[in-house]
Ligand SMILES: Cc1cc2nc3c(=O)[nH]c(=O)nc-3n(C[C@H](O)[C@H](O)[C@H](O)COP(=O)(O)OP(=O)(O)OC[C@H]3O[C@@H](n4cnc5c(N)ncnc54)[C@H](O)[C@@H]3O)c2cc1C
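Single chain ahead, by itself, as C-alpha coordinates, in the form predicted on its own.
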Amino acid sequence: MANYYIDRPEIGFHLNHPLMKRIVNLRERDYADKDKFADAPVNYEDAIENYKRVLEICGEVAAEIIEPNSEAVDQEGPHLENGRMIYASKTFENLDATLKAGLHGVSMPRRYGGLNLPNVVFSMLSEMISAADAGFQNIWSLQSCIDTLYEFGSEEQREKYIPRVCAGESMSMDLTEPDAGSDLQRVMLKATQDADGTWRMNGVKRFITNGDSDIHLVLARSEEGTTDGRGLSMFIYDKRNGGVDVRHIENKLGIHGSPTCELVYKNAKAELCGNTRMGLIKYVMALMNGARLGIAAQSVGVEQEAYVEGLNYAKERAQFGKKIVTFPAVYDMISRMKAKLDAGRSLLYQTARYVDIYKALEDIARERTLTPEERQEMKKYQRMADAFTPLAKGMNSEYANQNAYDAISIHGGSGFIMEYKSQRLYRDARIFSIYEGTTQLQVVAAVRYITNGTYLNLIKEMLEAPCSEEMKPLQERVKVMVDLYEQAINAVKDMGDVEAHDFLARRLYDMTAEIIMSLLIIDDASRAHELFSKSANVYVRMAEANVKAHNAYIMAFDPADLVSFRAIEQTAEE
(Lines give C-alpha, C1' and ligand atoms only; values in the text may rest on other atoms or scores of the structure.)
Protein backbone atom coordinates (compact mmCIF):
# COMPACT_ATOMS: atom_id res chain seq x y z
CA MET A 1 0.00 0.00 0.00
CA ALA A 2 1.46 3.35 -1.07
CA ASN A 3 2.07 5.99 1.57
CA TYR A 4 3.43 9.46 0.76
CA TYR A 5 5.01 9.76 4.20
CA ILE A 6 6.54 6.31 4.68
CA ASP A 7 7.72 6.10 1.06
CA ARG A 8 9.46 9.50 1.25
CA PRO A 9 11.88 9.45 4.22
CA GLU A 10 13.20 12.90 3.26
CA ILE A 11 10.04 14.39 4.80
CA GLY A 12 10.41 12.59 8.13
CA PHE A 13 14.07 13.58 8.32
CA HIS A 14 13.02 17.16 9.02
CA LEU A 15 11.31 16.13 12.26
CA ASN A 16 14.80 15.48 13.65
CA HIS A 17 16.03 19.06 13.34
CA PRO A 18 17.66 20.54 16.49
CA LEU A 19 15.04 23.32 16.68
CA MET A 20 12.17 20.83 16.98
CA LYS A 21 12.59 20.36 20.74
CA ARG A 22 12.20 24.08 21.34
CA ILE A 23 9.21 24.21 19.00
CA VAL A 24 7.44 21.33 20.72
CA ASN A 25 8.11 22.62 24.23
CA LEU A 26 6.71 26.04 23.32
CA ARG A 27 3.76 24.62 21.43
CA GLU A 28 2.82 22.24 24.26
CA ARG A 29 3.43 24.79 27.06
CA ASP A 30 5.63 22.22 28.80
CA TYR A 31 2.92 19.57 28.16
CA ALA A 32 0.21 21.29 30.20
CA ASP A 33 -2.56 19.56 28.20
CA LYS A 34 -1.59 16.04 29.21
CA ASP A 35 -4.02 16.00 32.15
CA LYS A 36 -6.91 17.52 30.18
CA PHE A 37 -6.89 15.74 26.83
CA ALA A 38 -6.34 12.04 26.17
CA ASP A 39 -4.47 12.65 22.92
CA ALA A 40 -2.07 15.26 24.34
CA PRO A 41 1.61 14.20 24.55
CA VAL A 42 3.35 13.76 27.89
CA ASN A 43 6.87 14.63 26.67
CA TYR A 44 8.89 15.52 23.59
CA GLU A 45 9.32 11.94 22.36
CA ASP A 46 5.58 11.33 22.69
CA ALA A 47 4.83 14.51 20.72
CA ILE A 48 7.10 13.47 17.86
CA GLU A 49 5.46 10.05 17.77
CA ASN A 50 2.06 11.78 17.59
CA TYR A 51 3.27 13.84 14.64
CA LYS A 52 4.52 10.74 12.88
CA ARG A 53 1.16 8.99 13.33
CA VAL A 54 -0.74 11.94 11.86
CA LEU A 55 1.72 12.19 8.96
CA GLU A 56 1.44 8.47 8.26
CA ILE A 57 -2.36 8.68 8.22
CA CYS A 58 -2.21 11.64 5.85
CA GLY A 59 0.36 9.88 3.66
CA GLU A 60 -2.02 6.96 3.22
CA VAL A 61 -5.05 9.14 2.48
CA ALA A 62 -3.02 11.16 -0.05
CA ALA A 63 -1.67 8.10 -1.87
CA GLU A 64 -4.71 5.83 -1.70
CA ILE A 65 -7.65 8.25 -2.07
CA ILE A 66 -6.73 11.78 -3.16
CA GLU A 67 -4.22 10.86 -5.87
CA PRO A 68 -6.47 8.20 -7.50
CA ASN A 69 -9.28 10.78 -7.56
CA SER A 70 -7.15 13.55 -9.02
CA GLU A 71 -7.68 12.81 -12.71
CA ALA A 72 -11.46 12.69 -12.36
CA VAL A 73 -11.46 15.93 -10.36
CA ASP A 74 -9.30 17.62 -13.01
CA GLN A 75 -11.70 16.57 -15.76
CA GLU A 76 -14.96 17.40 -13.96
CA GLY A 77 -14.06 20.45 -11.90
CA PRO A 78 -16.55 22.47 -9.86
CA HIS A 79 -19.70 23.96 -11.36
CA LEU A 80 -22.26 26.66 -10.64
CA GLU A 81 -25.90 26.04 -9.66
CA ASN A 82 -28.26 28.83 -8.63
CA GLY A 83 -25.54 31.08 -7.30
CA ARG A 84 -23.78 28.30 -5.42
CA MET A 85 -20.52 26.50 -6.19
CA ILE A 86 -20.67 22.70 -6.28
CA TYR A 87 -17.40 20.76 -5.98
CA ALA A 88 -16.46 17.95 -8.36
CA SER A 89 -17.95 14.70 -7.04
CA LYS A 90 -14.58 13.18 -6.13
CA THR A 91 -13.68 16.32 -4.18
CA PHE A 92 -16.47 15.44 -1.77
CA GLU A 93 -14.85 12.01 -1.32
CA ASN A 94 -11.52 13.70 -0.56
CA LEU A 95 -13.10 16.02 2.00
CA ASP A 96 -14.87 13.12 3.66
CA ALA A 97 -11.62 11.11 3.82
CA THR A 98 -9.57 13.96 5.33
CA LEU A 99 -12.31 14.70 7.87
CA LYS A 100 -12.57 11.06 8.96
CA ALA A 101 -8.77 10.97 9.21
CA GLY A 102 -8.86 13.92 11.62
CA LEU A 103 -6.96 16.26 9.30
CA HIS A 104 -8.95 19.43 9.96
CA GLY A 105 -8.23 22.15 12.50
CA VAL A 106 -4.74 20.72 12.77
CA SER A 107 -3.06 23.93 13.96
CA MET A 108 -5.68 24.93 16.52
CA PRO A 109 -5.43 24.39 20.30
CA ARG A 110 -7.10 21.29 21.69
CA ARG A 111 -9.59 23.34 23.73
CA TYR A 112 -11.30 24.25 20.45
CA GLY A 113 -11.18 20.73 19.06
CA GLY A 114 -7.87 21.04 17.18
CA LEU A 115 -4.73 18.90 17.10
CA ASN A 116 -2.30 21.66 18.18
CA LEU A 117 0.24 20.70 15.51
CA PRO A 118 3.13 23.07 14.71
CA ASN A 119 3.39 24.81 11.36
CA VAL A 120 6.25 22.58 10.22
CA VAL A 121 4.00 19.50 10.50
CA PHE A 122 1.12 21.33 8.81
CA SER A 123 3.54 22.11 5.96
CA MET A 124 4.43 18.42 5.68
CA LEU A 125 0.75 17.51 5.49
CA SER A 126 0.24 20.20 2.83
CA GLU A 127 3.16 18.92 0.80
CA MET A 128 1.79 15.37 0.71
CA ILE A 129 -1.75 16.44 -0.15
CA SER A 130 -0.41 18.69 -2.90
CA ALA A 131 1.67 15.85 -4.33
CA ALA A 132 -1.58 13.90 -4.60
CA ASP A 133 -3.64 16.80 -6.00
CA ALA A 134 -2.49 20.44 -5.87
CA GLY A 135 -6.01 21.68 -6.52
CA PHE A 136 -7.43 19.83 -3.53
CA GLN A 137 -4.56 21.08 -1.37
CA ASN A 138 -5.90 24.60 -1.99
CA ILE A 139 -9.29 23.68 -0.53
CA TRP A 140 -7.88 21.70 2.39
CA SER A 141 -5.07 24.07 3.36
CA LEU A 142 -7.29 27.15 3.52
CA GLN A 143 -8.26 25.93 6.96
CA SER A 144 -5.09 27.79 7.96
CA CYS A 145 -7.06 31.06 7.59
CA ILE A 146 -8.35 30.23 11.05
CA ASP A 147 -4.89 31.06 12.40
CA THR A 148 -5.54 34.73 11.57
CA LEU A 149 -8.93 34.67 13.28
CA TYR A 150 -7.35 32.96 16.30
CA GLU A 151 -4.62 35.58 16.41
CA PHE A 152 -6.72 38.72 15.96
CA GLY A 153 -10.34 37.77 16.69
CA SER A 154 -12.12 38.00 20.03
CA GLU A 155 -12.52 35.02 22.35
CA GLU A 156 -16.21 34.96 21.47
CA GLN A 157 -15.29 34.68 17.77
CA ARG A 158 -12.75 31.95 18.50
CA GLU A 159 -15.32 29.88 20.39
CA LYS A 160 -17.87 30.42 17.63
CA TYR A 161 -15.79 29.65 14.54
CA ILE A 162 -12.74 27.55 15.40
CA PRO A 163 -14.68 24.41 16.45
CA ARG A 164 -16.56 24.57 13.16
CA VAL A 165 -13.32 24.55 11.16
CA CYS A 166 -12.00 21.71 13.31
CA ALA A 167 -15.22 19.83 12.44
CA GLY A 168 -14.52 20.23 8.73
CA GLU A 169 -16.11 23.50 7.63
CA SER A 170 -14.24 25.31 4.87
CA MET A 171 -12.63 28.76 4.72
CA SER A 172 -11.57 31.36 2.19
CA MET A 173 -9.81 34.73 2.21
CA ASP A 174 -11.67 37.28 0.10
CA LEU A 175 -9.08 39.90 -0.80
CA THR A 176 -8.79 40.63 -4.53
CA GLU A 177 -11.22 42.57 -6.71
CA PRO A 178 -11.45 43.38 -10.44
CA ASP A 179 -9.31 46.52 -9.88
CA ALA A 180 -7.32 45.34 -6.86
CA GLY A 181 -4.95 42.44 -7.42
CA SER A 182 -1.40 42.88 -6.17
CA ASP A 183 -2.33 46.45 -5.20
CA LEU A 184 -4.76 45.67 -2.38
CA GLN A 185 -4.87 49.31 -1.30
CA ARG A 186 -7.41 49.75 -4.11
CA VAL A 187 -9.97 47.40 -2.53
CA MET A 188 -13.40 49.07 -2.68
CA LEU A 189 -15.83 46.44 -1.31
CA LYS A 190 -17.79 48.64 1.09
CA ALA A 191 -18.46 47.82 4.73
CA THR A 192 -21.04 50.03 6.49
CA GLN A 193 -22.86 49.86 9.82
CA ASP A 194 -26.59 49.76 10.44
CA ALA A 195 -28.11 51.89 13.18
CA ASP A 196 -27.76 48.97 15.58
CA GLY A 197 -24.04 48.60 14.81
CA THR A 198 -24.37 45.57 12.50
CA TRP A 199 -21.82 45.58 9.69
CA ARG A 200 -23.01 45.06 6.10
CA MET A 201 -20.86 44.51 3.01
CA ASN A 202 -21.62 45.38 -0.60
CA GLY A 203 -19.51 44.93 -3.71
CA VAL A 204 -17.63 42.36 -5.77
CA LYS A 205 -14.66 40.09 -5.06
CA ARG A 206 -12.79 38.31 -7.86
CA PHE A 207 -10.34 35.40 -8.10
CA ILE A 208 -11.39 34.04 -4.70
CA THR A 209 -10.07 30.54 -4.10
CA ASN A 210 -12.76 28.28 -2.60
CA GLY A 211 -14.99 31.33 -2.75
CA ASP A 212 -18.22 29.63 -1.67
CA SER A 213 -16.71 28.47 1.62
CA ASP A 214 -18.49 28.31 4.97
CA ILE A 215 -16.43 31.03 6.69
CA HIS A 216 -14.77 33.95 4.88
CA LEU A 217 -12.15 36.46 6.00
CA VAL A 218 -12.93 39.58 3.96
CA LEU A 219 -10.92 42.73 3.31
CA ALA A 220 -13.31 45.66 2.96
CA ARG A 221 -13.31 49.46 3.06
CA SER A 222 -14.86 50.54 6.33
CA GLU A 223 -13.80 54.20 6.37
CA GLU A 224 -15.89 56.52 4.23
CA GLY A 225 -13.90 58.78 1.89
CA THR A 226 -10.61 56.83 2.08
CA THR A 227 -8.75 55.46 -0.93
CA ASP A 228 -5.71 53.76 0.59
CA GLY A 229 -4.85 50.91 2.93
CA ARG A 230 -5.59 52.93 6.06
CA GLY A 231 -9.31 52.72 5.31
CA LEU A 232 -9.46 48.91 5.14
CA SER A 233 -10.60 46.50 7.83
CA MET A 234 -10.93 42.72 8.15
CA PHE A 235 -14.35 41.11 8.50
CA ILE A 236 -15.75 37.63 9.09
CA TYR A 237 -18.60 36.52 6.85
CA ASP A 238 -20.61 33.44 7.81
CA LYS A 239 -22.27 31.71 4.86
CA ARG A 240 -25.16 30.71 7.15
CA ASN A 241 -26.26 34.34 7.19
CA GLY A 242 -26.57 34.62 3.39
CA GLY A 243 -25.98 37.72 1.32
CA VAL A 244 -23.15 36.48 -0.92
CA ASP A 245 -23.68 34.72 -4.25
CA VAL A 246 -21.23 33.18 -6.69
CA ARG A 247 -21.60 34.99 -10.00
CA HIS A 248 -18.94 33.12 -11.94
CA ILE A 249 -16.43 30.26 -11.61
CA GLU A 250 -13.23 30.82 -13.58
CA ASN A 251 -12.26 28.36 -16.31
CA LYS A 252 -8.56 27.96 -15.50
CA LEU A 253 -5.45 26.46 -17.05
CA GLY A 254 -4.80 24.23 -14.05
CA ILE A 255 -5.77 23.32 -10.45
CA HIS A 256 -9.21 22.54 -11.84
CA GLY A 257 -10.48 21.03 -8.60
CA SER A 258 -9.93 24.32 -6.77
CA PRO A 259 -12.89 26.65 -7.46
CA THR A 260 -11.89 30.25 -8.23
CA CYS A 261 -14.98 32.40 -7.81
CA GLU A 262 -16.33 35.86 -8.47
CA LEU A 263 -18.53 36.84 -5.54
CA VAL A 264 -21.28 39.43 -5.24
CA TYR A 265 -21.96 40.86 -1.78
CA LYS A 266 -25.44 42.29 -1.23
CA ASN A 267 -25.96 43.67 2.28
CA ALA A 268 -24.07 40.67 3.60
CA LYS A 269 -23.96 40.63 7.39
CA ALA A 270 -20.42 40.55 8.78
CA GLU A 271 -18.42 40.75 11.99
CA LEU A 272 -15.43 43.00 12.45
CA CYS A 273 -12.24 40.99 13.13
CA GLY A 274 -9.85 42.97 15.35
CA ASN A 275 -9.78 46.74 14.99
CA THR A 276 -10.87 48.96 12.12
CA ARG A 277 -8.22 50.38 9.78
CA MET A 278 -5.84 47.49 10.49
CA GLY A 279 -7.16 45.11 7.82
CA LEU A 280 -4.40 45.54 5.26
CA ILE A 281 -1.67 47.03 7.41
CA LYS A 282 -1.60 44.20 9.95
CA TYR A 283 -4.10 41.39 9.45
CA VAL A 284 -3.73 40.73 5.72
CA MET A 285 0.04 40.81 6.08
CA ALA A 286 -0.19 38.00 8.65
CA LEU A 287 -2.71 36.15 6.50
CA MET A 288 -0.58 36.47 3.37
CA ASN A 289 2.63 35.29 5.07
CA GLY A 290 0.82 32.14 6.13
CA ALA A 291 -0.64 31.71 2.64
CA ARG A 292 2.77 32.17 1.02
CA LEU A 293 4.25 29.43 3.15
CA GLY A 294 1.28 27.29 2.14
CA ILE A 295 2.07 27.88 -1.53
CA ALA A 296 5.69 26.95 -0.83
CA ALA A 297 4.47 23.62 0.58
CA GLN A 298 2.11 23.18 -2.37
CA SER A 299 5.04 23.81 -4.70
CA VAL A 300 7.28 21.27 -2.97
CA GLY A 301 4.53 18.67 -3.35
CA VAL A 302 4.41 19.22 -7.10
CA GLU A 303 8.23 19.30 -7.29
CA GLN A 304 8.18 15.86 -5.67
CA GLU A 305 5.49 14.43 -7.92
CA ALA A 306 7.09 15.80 -11.10
CA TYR A 307 10.41 14.25 -10.08
CA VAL A 308 8.73 10.88 -9.42
CA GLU A 309 6.87 10.97 -12.73
CA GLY A 310 10.02 11.85 -14.67
CA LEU A 311 12.19 9.28 -12.92
CA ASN A 312 9.70 6.44 -13.27
CA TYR A 313 9.16 7.11 -16.95
CA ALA A 314 12.91 7.31 -17.60
CA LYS A 315 13.40 3.93 -15.92
CA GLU A 316 10.77 2.30 -18.11
CA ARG A 317 11.26 4.00 -21.48
CA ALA A 318 13.86 2.41 -23.78
CA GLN A 319 15.41 3.99 -26.87
CA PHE A 320 18.39 2.82 -28.94
CA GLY A 321 18.43 -0.38 -26.91
CA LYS A 322 18.84 1.37 -23.53
CA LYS A 323 16.63 2.75 -20.78
CA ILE A 324 16.70 6.51 -21.21
CA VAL A 325 17.59 6.98 -17.53
CA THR A 326 21.11 5.88 -18.51
CA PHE A 327 21.54 8.78 -20.96
CA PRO A 328 23.63 11.65 -19.49
CA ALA A 329 21.27 14.30 -20.85
CA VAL A 330 18.37 12.62 -19.02
CA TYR A 331 20.05 11.76 -15.73
CA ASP A 332 21.47 15.28 -15.58
CA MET A 333 17.91 16.58 -15.79
CA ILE A 334 16.64 14.14 -13.17
CA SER A 335 19.49 14.87 -10.75
CA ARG A 336 18.77 18.60 -10.98
CA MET A 337 15.08 17.98 -10.33
CA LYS A 338 15.92 16.00 -7.18
CA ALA A 339 18.46 18.58 -6.02
CA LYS A 340 15.94 21.42 -6.39
CA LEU A 341 13.33 19.35 -4.56
CA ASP A 342 15.61 18.54 -1.61
CA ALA A 343 17.01 22.06 -1.31
CA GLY A 344 13.59 23.66 -1.72
CA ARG A 345 12.06 21.36 0.88
CA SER A 346 14.85 22.21 3.32
CA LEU A 347 14.18 25.92 2.84
CA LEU A 348 10.45 25.38 3.33
CA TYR A 349 10.83 23.55 6.63
CA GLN A 350 13.52 25.89 7.95
CA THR A 351 11.14 28.78 7.32
CA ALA A 352 8.29 26.89 8.99
CA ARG A 353 10.45 26.29 12.08
CA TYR A 354 11.24 29.99 12.38
CA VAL A 355 7.52 30.77 12.11
CA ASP A 356 6.69 28.16 14.75
CA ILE A 357 9.02 29.62 17.35
CA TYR A 358 7.98 33.24 17.06
CA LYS A 359 4.25 32.46 16.69
CA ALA A 360 4.33 30.25 19.79
CA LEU A 361 6.02 32.99 21.79
CA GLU A 362 3.49 35.53 20.50
CA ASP A 363 0.72 33.24 21.70
CA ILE A 364 2.34 32.82 25.11
CA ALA A 365 2.62 36.63 25.35
CA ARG A 366 -1.21 36.79 25.30
CA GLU A 367 -1.24 34.75 28.50
CA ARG A 368 1.70 36.17 30.44
CA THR A 369 4.57 38.62 30.17
CA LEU A 370 7.53 37.23 28.27
CA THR A 371 10.94 37.28 29.88
CA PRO A 372 13.54 39.57 28.27
CA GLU A 373 15.22 36.47 26.81
CA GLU A 374 11.92 35.25 25.34
CA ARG A 375 11.18 38.67 23.82
CA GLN A 376 14.61 38.69 22.22
CA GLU A 377 14.07 35.16 20.91
CA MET A 378 10.66 36.10 19.49
CA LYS A 379 12.04 39.13 17.67
CA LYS A 380 14.96 37.13 16.30
CA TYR A 381 12.81 34.39 14.82
CA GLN A 382 10.15 36.78 13.56
CA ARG A 383 12.82 38.67 11.63
CA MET A 384 14.18 35.41 10.22
CA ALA A 385 10.70 34.15 9.30
CA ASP A 386 9.89 37.44 7.56
CA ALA A 387 13.17 37.21 5.62
CA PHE A 388 12.85 33.52 4.69
CA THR A 389 9.16 33.46 3.68
CA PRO A 390 9.60 35.33 0.35
CA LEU A 391 12.56 33.06 -0.48
CA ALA A 392 10.61 29.88 0.31
CA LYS A 393 7.55 30.96 -1.67
CA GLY A 394 9.37 32.47 -4.63
CA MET A 395 12.03 29.82 -5.18
CA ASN A 396 9.82 26.80 -4.61
CA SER A 397 7.10 28.12 -6.90
CA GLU A 398 9.73 28.59 -9.62
CA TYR A 399 11.22 25.14 -8.95
CA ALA A 400 7.79 23.53 -9.21
CA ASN A 401 7.39 25.08 -12.66
CA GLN A 402 10.87 23.95 -13.70
CA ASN A 403 10.43 20.39 -12.44
CA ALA A 404 7.03 20.07 -14.10
CA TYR A 405 8.53 21.38 -17.36
CA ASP A 406 11.38 18.88 -17.14
CA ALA A 407 9.01 16.01 -16.40
CA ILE A 408 7.30 16.68 -19.73
CA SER A 409 10.67 16.86 -21.48
CA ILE A 410 11.64 13.47 -20.09
CA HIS A 411 8.39 12.02 -21.37
CA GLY A 412 9.06 13.45 -24.84
CA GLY A 413 6.00 13.53 -27.06
CA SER A 414 4.06 11.48 -24.51
CA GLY A 415 4.38 14.34 -22.03
CA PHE A 416 2.24 16.46 -24.34
CA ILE A 417 -0.55 13.89 -24.31
CA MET A 418 -3.38 14.48 -21.86
CA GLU A 419 -3.42 10.87 -20.65
CA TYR A 420 -0.06 11.39 -18.93
CA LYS A 421 0.03 12.99 -15.50
CA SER A 422 2.99 15.25 -16.24
CA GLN A 423 0.88 17.65 -18.33
CA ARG A 424 -1.48 18.18 -15.38
CA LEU A 425 1.41 18.89 -13.03
CA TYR A 426 2.68 21.44 -15.54
CA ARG A 427 -0.71 23.14 -15.77
CA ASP A 428 -1.19 23.10 -12.00
CA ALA A 429 2.27 24.50 -11.24
CA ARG A 430 1.96 27.58 -13.41
CA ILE A 431 -0.18 29.50 -10.93
CA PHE A 432 2.20 28.97 -7.99
CA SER A 433 4.54 31.79 -9.01
CA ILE A 434 1.57 34.11 -9.56
CA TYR A 435 -0.97 33.88 -6.75
CA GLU A 436 -0.42 35.00 -3.16
CA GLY A 437 2.21 37.39 -4.51
CA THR A 438 4.12 36.89 -7.76
CA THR A 439 7.80 36.00 -7.70
CA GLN A 440 8.50 39.62 -8.55
CA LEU A 441 6.67 40.68 -5.38
CA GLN A 442 8.68 38.13 -3.36
CA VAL A 443 11.79 39.86 -4.67
CA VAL A 444 10.40 43.20 -3.48
CA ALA A 445 9.71 41.69 -0.04
CA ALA A 446 13.20 40.21 0.20
CA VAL A 447 15.39 42.94 -1.25
CA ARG A 448 15.56 45.07 1.89
CA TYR A 449 17.04 42.11 3.75
CA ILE A 450 19.65 41.88 0.99
CA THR A 451 20.70 45.52 1.12
CA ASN A 452 20.65 45.85 4.92
CA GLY A 453 22.90 42.82 5.35
CA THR A 454 20.41 40.52 7.11
CA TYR A 455 20.91 37.64 4.68
CA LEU A 456 24.65 38.16 4.39
CA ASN A 457 25.13 38.06 8.16
CA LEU A 458 22.97 34.96 8.43
CA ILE A 459 24.88 33.26 5.60
CA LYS A 460 28.20 33.98 7.30
CA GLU A 461 26.79 32.56 10.53
CA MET A 462 25.63 29.45 8.70
CA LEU A 463 29.12 29.05 7.20
CA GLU A 464 30.52 28.70 10.71
CA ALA A 465 28.37 25.65 11.43
CA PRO A 466 30.26 22.33 11.42
CA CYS A 467 29.70 19.93 8.55
CA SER A 468 30.85 16.40 7.75
CA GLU A 469 34.26 15.79 6.21
CA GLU A 470 32.63 14.77 2.93
CA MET A 471 30.76 18.08 2.75
CA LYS A 472 33.72 20.36 3.54
CA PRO A 473 34.80 20.72 -0.11
CA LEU A 474 31.28 21.89 -0.95
CA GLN A 475 31.33 24.29 1.97
CA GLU A 476 34.56 25.79 0.61
CA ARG A 477 32.88 26.32 -2.75
CA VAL A 478 30.05 28.13 -1.02
CA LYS A 479 32.56 30.45 0.68
CA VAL A 480 33.73 31.57 -2.76
CA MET A 481 30.10 32.10 -3.77
CA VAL A 482 29.55 34.28 -0.70
CA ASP A 483 32.50 36.51 -1.66
CA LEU A 484 30.99 36.99 -5.13
CA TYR A 485 27.59 37.66 -3.56
CA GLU A 486 28.95 40.33 -1.21
CA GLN A 487 30.85 41.93 -4.09
CA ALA A 488 27.65 42.08 -6.16
CA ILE A 489 25.62 43.62 -3.31
CA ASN A 490 28.21 46.33 -2.76
CA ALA A 491 28.39 47.05 -6.48
CA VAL A 492 24.63 47.57 -6.70
CA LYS A 493 24.60 49.79 -3.62
CA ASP A 494 27.53 51.84 -4.96
CA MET A 495 25.60 52.56 -8.15
CA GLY A 496 23.31 54.81 -6.14
CA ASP A 497 20.61 54.37 -8.75
CA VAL A 498 17.13 53.29 -7.61
CA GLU A 499 16.07 52.01 -11.02
CA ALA A 500 19.27 49.97 -11.42
CA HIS A 501 18.77 48.60 -7.91
CA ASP A 502 15.25 47.42 -8.82
CA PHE A 503 16.41 46.09 -12.18
CA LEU A 504 19.15 43.94 -10.60
CA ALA A 505 17.15 42.88 -7.54
CA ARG A 506 16.04 39.55 -9.03
CA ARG A 507 19.63 38.49 -9.63
CA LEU A 508 20.57 39.35 -6.04
CA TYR A 509 17.48 37.48 -4.83
CA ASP A 510 18.41 34.34 -6.77
CA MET A 511 21.99 34.50 -5.46
CA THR A 512 20.71 34.88 -1.89
CA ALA A 513 18.31 31.96 -2.07
CA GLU A 514 20.69 29.58 -3.84
CA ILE A 515 23.51 30.24 -1.36
CA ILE A 516 21.17 29.71 1.61
CA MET A 517 19.76 26.52 0.08
CA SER A 518 23.29 25.30 -0.63
CA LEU A 519 24.16 25.68 3.04
CA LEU A 520 20.92 24.02 4.14
CA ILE A 521 21.42 21.00 1.89
CA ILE A 522 25.04 20.69 3.05
CA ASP A 523 23.78 20.58 6.62
CA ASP A 524 21.15 17.98 5.69
CA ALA A 525 23.76 15.83 3.94
CA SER A 526 26.08 16.10 6.94
CA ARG A 527 23.34 14.66 9.16
CA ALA A 528 21.90 12.15 6.66
CA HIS A 529 24.54 11.29 4.05
CA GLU A 530 22.51 8.50 2.47
CA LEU A 531 19.54 10.78 1.78
CA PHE A 532 21.12 14.02 0.65
CA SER A 533 24.78 13.77 -0.36
CA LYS A 534 24.00 13.39 -4.08
CA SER A 535 21.60 16.33 -4.05
CA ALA A 536 24.11 18.43 -2.12
CA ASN A 537 26.79 17.82 -4.75
CA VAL A 538 24.44 18.59 -7.63
CA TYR A 539 22.79 21.61 -6.03
CA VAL A 540 25.97 23.37 -4.91
CA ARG A 541 27.49 23.03 -8.38
CA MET A 542 24.32 24.30 -9.99
CA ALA A 543 24.15 27.24 -7.58
CA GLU A 544 27.84 27.96 -8.12
CA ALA A 545 27.31 28.38 -11.86
CA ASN A 546 24.33 30.66 -11.32
CA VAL A 547 26.03 32.83 -8.70
CA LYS A 548 29.08 33.32 -10.93
CA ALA A 549 26.85 34.27 -13.86
CA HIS A 550 24.83 36.77 -11.81
CA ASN A 551 28.01 38.28 -10.37
CA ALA A 552 29.49 38.71 -13.84
CA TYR A 553 26.31 40.39 -15.08
CA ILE A 554 26.12 42.79 -12.16
CA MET A 555 29.82 43.69 -12.16
CA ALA A 556 29.65 44.52 -15.86
CA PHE A 557 26.43 46.49 -15.52
CA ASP A 558 26.26 50.25 -15.95
CA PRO A 559 23.05 52.10 -14.99
CA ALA A 560 23.29 53.82 -18.36
CA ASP A 561 22.53 50.42 -19.90
CA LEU A 562 18.94 50.85 -18.72
CA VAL A 563 18.42 53.25 -21.60
CA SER A 564 18.65 50.32 -24.00
CA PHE A 565 16.04 48.31 -22.12
CA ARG A 566 13.69 51.28 -21.88
CA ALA A 567 14.15 51.92 -25.61
CA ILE A 568 13.04 48.37 -26.37
CA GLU A 569 9.97 48.85 -24.19
CA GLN A 570 9.08 52.17 -25.81
CA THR A 571 9.50 50.76 -29.31
CA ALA A 572 7.16 47.92 -28.42
CA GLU A 573 4.58 50.37 -27.12
CA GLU A 574 4.81 52.46 -30.30
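The numbering used is simple: start at 1 and walk along the sequence shown. Computed from a predicted structure; not experimentally measured.
The form predicted together with the named molecule exists for this protein as well; it is not shown, and the discussion that follows is about that form.
- Contact check for 354, 387 and 459: none of the three has a heavy atom within 4.5 Å of the named molecule in the predicted bound form.
- Residue contact check for residue 218: none of its heavy atoms lie within 4.5 Å of the named molecule in the predicted bound form.
- Contact between residue 409 and the named molecule in the predicted bound form is not found at the 4.5 Å heavy atom cutoff.
- Looking at residue 102, you'd find every heavy atom of it more than 4.5 angstroms from the named molecule in the predicted bound form.
- Contact check for residue 252: a heavy atom falls within 4.5 Å of the named molecule in the predicted bound form.
- Annotated contact segment (heavy atom within 4.5 Å of the named molecule in the predicted bound form): 429-437, selected among 152-160, 429-437, 239-247, 361-369.
- With the partner omitted here, the residue from 222, 116, 176, 170 that has a non-hydrogen atom within 4.5 angstroms of the named molecule in the predicted bound form is 176.
- Taking a 4.5 Å heavy atom cutoff to the named molecule in the predicted bound form, the contact residue among 276, 182, 75, 226 is 182.
- Residues of 43-76 are not found to place any heavy atom within 4.5 Å of the named molecule in the predicted bound form.
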